[in-house]
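Next comes just one chain, in structure tokens: the form predicted alone.
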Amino acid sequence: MSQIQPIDAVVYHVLPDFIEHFFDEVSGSPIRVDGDLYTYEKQSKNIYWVKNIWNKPFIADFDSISDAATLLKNIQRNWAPYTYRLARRTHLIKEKLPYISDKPKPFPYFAPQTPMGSFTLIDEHHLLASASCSSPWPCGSIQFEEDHINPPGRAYRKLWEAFALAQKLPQRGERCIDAGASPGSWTWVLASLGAEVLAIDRAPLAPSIAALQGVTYLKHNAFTLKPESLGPVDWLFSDVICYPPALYEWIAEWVEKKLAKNYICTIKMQGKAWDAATTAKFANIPGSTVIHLHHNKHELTWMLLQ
């Protein structure tokens, strides 16, 4: 008979490339470390530089592979394995669990509403798991069926992922601003959805993007334009390469004047450090979400949706 032991802690699936950022965020020392999984006492603040957060972890012992799979299935349907040891044994448990497709997803795609749990083997007869995780993606990762022809870059993938999490898309005819649009990957996404896009950048759009129906290009520094001279808009997007405080000052003015309904913006970090203070300001805007998307690099994504 399997025994489940809840842990009064939280497990962070860290991003190896940004492990120093993670250590800047957390307080205290880890209770245990299992590969890229760091178990800490519950923190009093948001932690951003992670792939996934296991909110209600437990350790369970089991006698056999079938026993482990039955234990997990009795809790819920969906489980994703994180493998850092005992790969063959982990795979055999996965095979006995309900199937979860790892194929790239077509866009549009919305995150499933059923919970996605995570587990890992810490030895041959004990697993660490959580049925409640912060990410709906298996181990915090999602891949899309990429378009290698039409967009002028790969930045569109993080906007696709943001929409998938938001469970919401711009509708045909809705007015969007794409700040820092060049060469046009985000504008391409928005135009493909039938939105009206004002693409603002000092650099030009790719000719194929500028020619899309519904796209208007404005050669300008978006941050020098006042909201009242541009709005109101249904969606405000920014993937501008800039210092985070400059983005925050511009966005705060839009929020204060209530001239945009929905926001998705990339907070791009400059140099090797990250701007925790400005990130906190974004997070403190009521209704906000700040997250490191699977397709983010040295950046975070801020969302505010109506």
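As the structure is a prediction and not an experimental result, all values here were calculated from the model. All residue numbers are counted from 1 along the displayed sequence.
One more form of this protein should be noted, the form predicted together with a small molecule, which is absent from this view; the next part is about it.
Visitor: Check Gly180, Asn221 and Asp239: does every one of them have a heavy atom within 4.5 Å of the small molecule in the model of the complex?
Guide: Yes, because Gly180, Asn221 and Asp239 each have a heavy atom that approaches the small molecule to within 4.5 Å in the model of the complex.
Visitor: Looking at heavy atoms inside 4.5 Å, which stretch does the small molecule contact in the model of the complex, given the options 78-86, 200-208, 92-100, 128-136?
Guide: Among the candidates, contact is made by 200-208.
Visitor: Check whether Leu169 has any heavy atom within 4.5 Å of a heavy atom of the small molecule in the model of the complex, and answer yes or no.
Guide: Residue-level check for Leu169: no, no contact with the small molecule.
Visitor: Looking in the model of the complex, any heavy atom of Phe119 within 4.5 Å of the small molecule?
Guide: Phe119: no, not in contact with the small molecule in the model of the complex.
Visitor: Does Ala111 make contact with the small molecule in the model of the complex, using a 4.5 Å heavy atom cut-off?
Guide: Taking the distances in the model of the complex, the answer for Ala111 is no, it never comes within 4.5 Å of the small molecule.
Visitor: Even though the small molecule is not shown here, does Lys268 get within 4.5 Å of it in the model of the complex, heavy atoms only?
Guide: Heavy-atom contact with the small molecule at 4.5 Å: present for Lys268.
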